[in-house]
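The chain that follows stands alone, in the form predicted on its own, written as structure tokens.
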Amino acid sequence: MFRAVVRLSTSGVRSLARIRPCYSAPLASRCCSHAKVETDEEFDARWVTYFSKPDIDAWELKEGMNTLIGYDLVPEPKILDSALRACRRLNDLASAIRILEAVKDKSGPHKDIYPYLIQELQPTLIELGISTPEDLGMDKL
């Protein structure tokens, strides 16, 4: 009996203590950002400059590629050309192949993007002696 009274009294206290939401009209908000919007050409130039640094190290290369792949875009061939040349300066063939794999993965269901990029990068790949993942048979694994 005592248990029933306590249960009823605590549920009654809970219902009294509940705060009912107060609805108000949404406030008008303004976009107060004064940041300059970066154009596509400026974006490409920034990344080409980043990967073209003569003193770039392996950590910076991987950090830059992770950041670049994290964006909602497939990098332009000139950015990838610069990144592949940075891999060659570092003698890092594994990173070069990972870059090509990441770009293929980033292309997703759009089957015409990756062949276009390989076509545009073919002179660079031949010059640097870098094989594509398809040439190495990695696409069949």
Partner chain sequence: MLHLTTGRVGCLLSKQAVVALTGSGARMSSHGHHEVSDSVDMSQPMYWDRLDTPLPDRPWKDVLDSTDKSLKQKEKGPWTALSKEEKIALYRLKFNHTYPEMKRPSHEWKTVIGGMFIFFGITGLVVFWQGHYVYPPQPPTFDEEWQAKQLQRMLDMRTNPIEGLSSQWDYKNKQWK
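Residue numbers count along the first chain shown, from 1. The shown structure was predicted, so the numbers you read here are calculated from the model rather than taken from an experiment.
The same protein has a further form, the form predicted in complex with the partner chain, not shown here; the description that follows concerns it.
- With the partner left out here, the partner chain still marks one of 72 to 80, 40 to 48, 112 to 120, 90 to 98 in the predicted bound form; by a 4.5 Å heavy atom cut-off that stretch is 90 to 98.
- The closest heavy atom approach of residue 57 to the partner chain in the predicted bound form falls outside 4.5 Å.
- At a distance threshold of 4.5 angstroms between non-hydrogen atoms, residue 62 is in contact with the partner chain in the predicted bound form.
- Although the partner is absent here, residue 52 sits far enough away that none of its heavy atoms falls within 4.5 Å of the partner chain in the predicted bound form.
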